[in-house]
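In the structure tokens that follow, a single protein chain appears in two forms: structure 1, then structure 2.
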Structure 1
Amino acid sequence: MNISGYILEEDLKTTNGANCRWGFAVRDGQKFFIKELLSPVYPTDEVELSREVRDRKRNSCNQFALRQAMLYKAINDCSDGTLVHISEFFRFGSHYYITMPAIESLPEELLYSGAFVAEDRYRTSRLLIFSIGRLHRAGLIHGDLKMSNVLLTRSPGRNITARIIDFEDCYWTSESPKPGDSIRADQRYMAPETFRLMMGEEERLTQAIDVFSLGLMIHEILTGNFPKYDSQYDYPFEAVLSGSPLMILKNRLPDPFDILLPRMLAAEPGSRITLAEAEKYFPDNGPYRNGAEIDGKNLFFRAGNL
């Protein structure tokens, strides 16, 4: 099947995709990851719809397309390569598609394997702070940070590194969801205030939701597990909201994560450290440790306060 010049290698599938179908395709000899969004759907001319319904749906789709194009441009502009570059966003027939270069990632199980050595774990954790920090400096919230949205990769002769994917739930800080909205964030990594908002409480979601999710991810990367919490709760945010502490394994965390994680996982968003502040805990916050080995461009950061 040919989707706007992308030749699919196989049928699109839904595996691990909540709101899309995805697969791999080749265009001009290059392999791409391609994602078809399940919503919205642009009614084609052949569909038997009244003019009123067709026009309303098309207007809604056009607004969506405009907003997404701006969003993806903002993400690409702030990326240093660790936020995976969005190659194209387009409509083909009734559906919208996103493409990005295909990335050969290491198996997810690596996270729980001894082959993922302490240095790799430290570097990956650090890289995530700086990468999401870039997104935050651009005024964006990822909104669905979880380990399955991090691809671990290794080029021959190089260290394991990480790339962040899936920006479909990304939004500008000015676009906080409304109380009572259903939010697609993975409940395992959900921040407590996201749940409060879903319950209808007045709450403004900020970049602190990403910080909480990232805190859980980094704990998982560095120790192999989430922080322990009372087993009567299914998810960390439930424990936090009920006043039950997350037991952070500080003695297994390398400096400075033993200091950072309690602040990233603070119950109240206002008490959480920002990623801009977190970056200052790394004295070597120059390009090399932050992923210069990835593609070597736009990797220089202004040195922060020590």
Structure 2
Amino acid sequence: MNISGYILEEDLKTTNGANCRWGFAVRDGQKFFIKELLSPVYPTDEVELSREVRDRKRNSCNQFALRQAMLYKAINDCSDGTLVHISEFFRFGSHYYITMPAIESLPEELLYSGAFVAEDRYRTSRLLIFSIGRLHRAGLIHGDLKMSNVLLTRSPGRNITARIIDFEDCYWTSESPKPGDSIRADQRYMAPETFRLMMGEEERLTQAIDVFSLGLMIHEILTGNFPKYDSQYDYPFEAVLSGSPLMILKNRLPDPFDILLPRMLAAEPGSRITLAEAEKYFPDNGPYRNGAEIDGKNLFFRAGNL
């Protein structure tokens, strides 16, 4: 199938009731990831609607398209390469599409493997703080940070690094959702205030929701697991909302993450450190000297030792 010059390798697919379909396509010899948004649907001339309804729906779609184009440009402008660039945003027929270069990622199991060595884990965690920090300085909130939206790859120097994807839930800080709005978030990485808003409480979501999610992700990257919490709760946000502390494995964390993560995972968003503040904890050259361990702390682990 040809979608505006993108030749699909196979039919687009969807997972977990998502609001999009996705797949891979080739254009001018280059491979792309392509995503079809299932909403909104642009009413083409073939759709039987009254002129008034068609005009109203088209106007709504045009406003959506303008907002998305501005959003994706802002993301591209603040990317240093870690935030995967959006190649194109366009409408084809009744649907909107997003394309970006296909990323050759490493197996997800690497996160839980000793092959992902301490220096790689530190570098990846630091990179995520700086990259999402650039997004925040542009006045944006990612809104759906989770490990499945981070692709582990190899740099030209063969070091393991990360690329961040999936910006469809990204929004400006001025666009904080209101009670009753549709919010998509992974419960495993959800900030407690996001859940409060979903339950209808008056809550203004800020960039602190990204900080909380990123804190969980970095703890997972550095130790292979989430912070521990009472087993009666299924998710970290449930424990936090119930007043049960997250037990951060500080003896497994290198400097300065042993200081940063408790502040990133504070229960109240106003008490969390900002990523701009977090960046100040990292010297330009990092803590490594010829591959040595970080301050004597060995981050190698096996899943059975967690």
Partner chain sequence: MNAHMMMRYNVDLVFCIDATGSMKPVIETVKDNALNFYRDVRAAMEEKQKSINTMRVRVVMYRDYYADHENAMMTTRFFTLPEEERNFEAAVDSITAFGGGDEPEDALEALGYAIRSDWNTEGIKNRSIIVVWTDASTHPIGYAIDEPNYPRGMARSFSELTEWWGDEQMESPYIRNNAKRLILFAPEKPYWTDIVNSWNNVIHYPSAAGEGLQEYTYHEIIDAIYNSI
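Take the two forms, superpose them, and find the largest set of C-alpha atoms that agree within 1.5 Å; that set is the rigid core. Numbering for residues begins at 1 and runs along the sequence of structure 1. Just so we're clear, the structure is a prediction, and the values are computed from it rather than from any experiment.
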Quick check on the two chains I just loaded: which one is the form predicted together with its partner chain, 1 or 2?
1
Quick one: core overlaid, is residue 182 moving 2 Å or more at the Cα between structure 1 and structure 2?
yes
Quick one: core overlaid, is residue 155 moving 2 Å or more at the Cα between structure 1 and structure 2?
yes
